[in-house]
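Next up: a single chain in structure tokens, the form predicted alone.
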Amino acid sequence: MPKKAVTSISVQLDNRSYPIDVGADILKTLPTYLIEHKVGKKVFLITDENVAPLYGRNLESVLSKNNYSVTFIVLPQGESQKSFKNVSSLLDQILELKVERNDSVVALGGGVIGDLAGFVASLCLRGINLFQIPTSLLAQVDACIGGKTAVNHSTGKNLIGSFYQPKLTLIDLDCLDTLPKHELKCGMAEIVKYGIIKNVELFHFIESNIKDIAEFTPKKHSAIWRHLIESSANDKAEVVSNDEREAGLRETLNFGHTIGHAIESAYAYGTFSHGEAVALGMISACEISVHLNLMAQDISDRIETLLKELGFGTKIPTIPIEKLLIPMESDKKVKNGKIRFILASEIGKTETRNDVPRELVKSAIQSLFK
């Protein structure tokens, strides 16, 4: 089965480099990649109830026709699926089928499926083959690139997990056509983040094409959306290649996430999507940057304006401030008891700070309250 034309972006790791392949209508080429990697004949295809009828059944059929024994596992949709209960259940199903180390997990879905299925693959027999096929924009540009896998804990998001790289991340641009607007908007928050932390050209591109992007019609503006995804995937790949386990540079990817994750947690993973929470977190991070004299007010205003033009809100319901501070103080980025903030000084440049006064953090959060 020949592959269709793709853009191949490499994640360069010692002895474990792998491609992020981007193209239209390339989901069906997965068997070609499996053959190249000489994997075993058992494939555990893990997806959710939304993705299964759109792409799961067709992919199961393609794999079966290429003589792979497919176990098709469909989970409910949502962040709540990232639990130890589901990890145990998935491992039970896989181990009962006498899985071998050369067999494969295929994670077909958004960031939740990528995190959960990737974590299971990392644990099973101390690691079996993993192939990431992200179907949401958020997963295509961020969550399913770089090898982070995790489940949530009652004290915070993604606190239990592993770094486990896939053999391949396969991005089919046609998947964007079935995404609702709010899912596309969610992914755009991460794309804007790349522009702020490292890619000035990308930020300018978003500003220049904001009217077309804000329509959220990928099929109509396919060249624009392909550029957004390829640029973001390339940015993530460069960062991961230089800092796989978040020893330094990779921390910059957390811009907006410290407060963003706290918002997700405090409002019980349902009120705000990940993208909405990150957008709010970026607004707060910019406010902190301005108060610390790192960023000029006009740059902060420019970032907030862009987020508003993409349809992001800038306010959250008022709750006790401690409900937001407690998750932040349990965040995996805390070191020596101090919260590490990624702050921006200008478009394309960041600083990591662990000396942000608690009162300033409180003030930045309270400015989000309605």
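Just so it is clear, the model here is predicted, and its values are computed rather than measured. Residue indices: 1-based, along the sequence shown.
FYI, the form predicted together with a small molecule isn't displayed, but the following is about it.
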property: Any non-hydrogen atom of residue 55 within 4.5 angstroms of the small molecule in the predicted bound form; result: yes
property: 4.5 Å heavy atom contact, residue 231 and the small molecule in the predicted bound form; result: no
property: Contact test in the predicted bound form: residue 168 vs the small molecule, heavy atoms, 4.5 Å; result: no
property: Contact test in the predicted bound form: residue 281 vs the small molecule, heavy atoms, 4.5 Å; result: no
property: Candidate spot 200, 251 and 352, all three touching the small molecule in the predicted bound form (heavy atom, 4.5 Å); result: no
property: Residue (of 213, 259, 139, 105) lying close to the small molecule in the predicted bound form, criterion heavy atoms within 4.5 Å; result: 139
property: Which of 341 to 349, 318 to 326, 29 to 37, 46 to 54 sits within 4.5 Å of the small molecule in the predicted bound form, heavy atom basis; result: 46 to 54
